[in-house]
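This document starts with one chain, in the form predicted alone, laid out as structure tokens.
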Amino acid sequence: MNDIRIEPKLKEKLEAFGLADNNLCFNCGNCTAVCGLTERDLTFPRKGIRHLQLGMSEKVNQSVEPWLCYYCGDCSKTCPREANPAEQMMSLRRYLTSVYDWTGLSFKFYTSKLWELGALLFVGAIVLGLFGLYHATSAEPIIWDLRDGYVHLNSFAPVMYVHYADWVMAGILSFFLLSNLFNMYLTIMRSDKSLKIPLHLYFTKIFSIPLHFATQMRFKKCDNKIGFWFMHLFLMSGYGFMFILVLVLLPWFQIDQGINWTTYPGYYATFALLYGSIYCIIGRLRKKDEVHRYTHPSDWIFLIMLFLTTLTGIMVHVFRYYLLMPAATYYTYAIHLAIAVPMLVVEVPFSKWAHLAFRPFAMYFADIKKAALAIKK
């Protein structure tokens, strides 16, 4: 029989990640009963909350269940003790992000507003400093380039330099995110010595990763939450389109030849990000829906940064093509990158955006475990 280690201060540790009074829950199981996503071998939120109450940190760290929750809020609405199990699941996701992160930065960013804001300001200052350094050392002065009825942006920020910088940043962020995903794999899949997993399952189940990432299909199982599912998918598609435009298609997207075919996917992505961020901000201010009643500081920082990134991107487009203001275009573009780059650097591997990777991988690991259990039986 395996020994179970107890961490008495586990609940106190989770409080820094937004955990409310965990003692309110008396483990009645109502939250699990009303959840449309819980399954026979994947029961939540009850199991995770119980592990927290008992200080079973290893069980908490090895769990995939918090990632299977989409925070529809039904469990919190029907909880007889108002223990808010949905937010407890959200707190666990923040905590697990820090468990997988070998750098320790996720822990710092989630538990300290000063650390997160300081990191954002630091990276933003580097971006502005690079702009200043480039123009200070360039043989050509800044050209306020207004020709052919629009502002030429590449006179200020040559597209290939920005494109190469994007790839360098993407490589660095991918290293951190992929290494944290590997730690997630070790924590969830390699810790259970009693379950032997055939190698072929890793290949036969791998298609669940892009499926869940692209469709968010499990969210539709939440009762009467089709609107929330659509909003989630709409926002996700905005992320995806903008990612492709900036990382892959930037030499065509940021051209000095007017609007072209890449502009229209850009309009879609911009609208999705702007609408999604405003929708979430208004919802958190009104607090009418269960999903918006509780907001961790990291949620506010992410939403504000996303909104400002989208807004400054729109302003660059308006100054460049409609108001024909070179100085405003260039300075706003620098500010836009000084907001967007820090958001990506902090959020993608270490904070809110990391959930976009951890959730589909958790579903992948859950599918593998279910298949391995079925073989074992």
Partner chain sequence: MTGNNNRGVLFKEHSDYQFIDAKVNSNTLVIGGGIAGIQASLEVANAGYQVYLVEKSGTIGGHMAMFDKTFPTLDCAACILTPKMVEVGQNPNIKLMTLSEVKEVRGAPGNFKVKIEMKTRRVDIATCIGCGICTEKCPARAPSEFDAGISQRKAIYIPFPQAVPNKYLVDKDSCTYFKTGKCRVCEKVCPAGSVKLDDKDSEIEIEVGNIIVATGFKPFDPARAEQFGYGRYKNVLAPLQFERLINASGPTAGQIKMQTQDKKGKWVYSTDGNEPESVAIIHCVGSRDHNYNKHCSRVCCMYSLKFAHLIKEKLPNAEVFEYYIDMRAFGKGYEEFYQRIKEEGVHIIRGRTAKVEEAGNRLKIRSEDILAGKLIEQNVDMVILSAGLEPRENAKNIAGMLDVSSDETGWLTEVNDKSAPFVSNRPGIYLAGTCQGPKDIPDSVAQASAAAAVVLQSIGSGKIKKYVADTTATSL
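All values derive from a computational prediction rather than experimental measurement. Numbering follows the first chain given and starts at 1.
Omitted here: the form predicted in complex with its partner chain. The next part is about that form.
Query raised in the report: Just one of 308 to 316, 342 to 350, 326 to 334, 38 to 46 has heavy atoms within 4.5 Å of its partner chain in the model of the complex; which?
Result: Contact criterion met by 38 to 46 only.
Query raised in the report: Is Pro80 a contact residue for its partner chain in the model of the complex, using a 4.5 Å heavy atom cut-off?
Result: Heavy-atom contact with its partner chain at 4.5 Å: present for Pro80.
Query - Contact label in the model of the complex: Tyr322 to its partner chain, heavy atom within 4.5 Å - result: Tyr322: no contact with its partner chain in the model of the complex.
Query raised in the report: Does at least one non-hydrogen atom of Leu54 fall within 4.5 angstroms of its partner chain in the model of the complex?
Result: Judged by the heavy-atom cut-off of 4.5 Å, Leu54 is well away from its partner chain in the model of the complex.
Requested in this report: Report whether the minimum heavy atom distance between Glu140 and its partner chain in the model of the complex is within 4.5 Å.
Outcome: Looking in the model of the complex, residue contacts with its partner chain do not include Glu140, since no heavy atom lies within 4.5 Å.
Report task. Residue by residue through 14 to 38, tell me which have a non-hydrogen atom within 4.5 angstroms of its partner chain in the model of the complex. Result -> Phe26, Asn27, Cys28, Gly29, Asn30, Thr32, Ala33, Val34, Cys35, Gly36, Thr38 sit within 4.5 Å of the partner.
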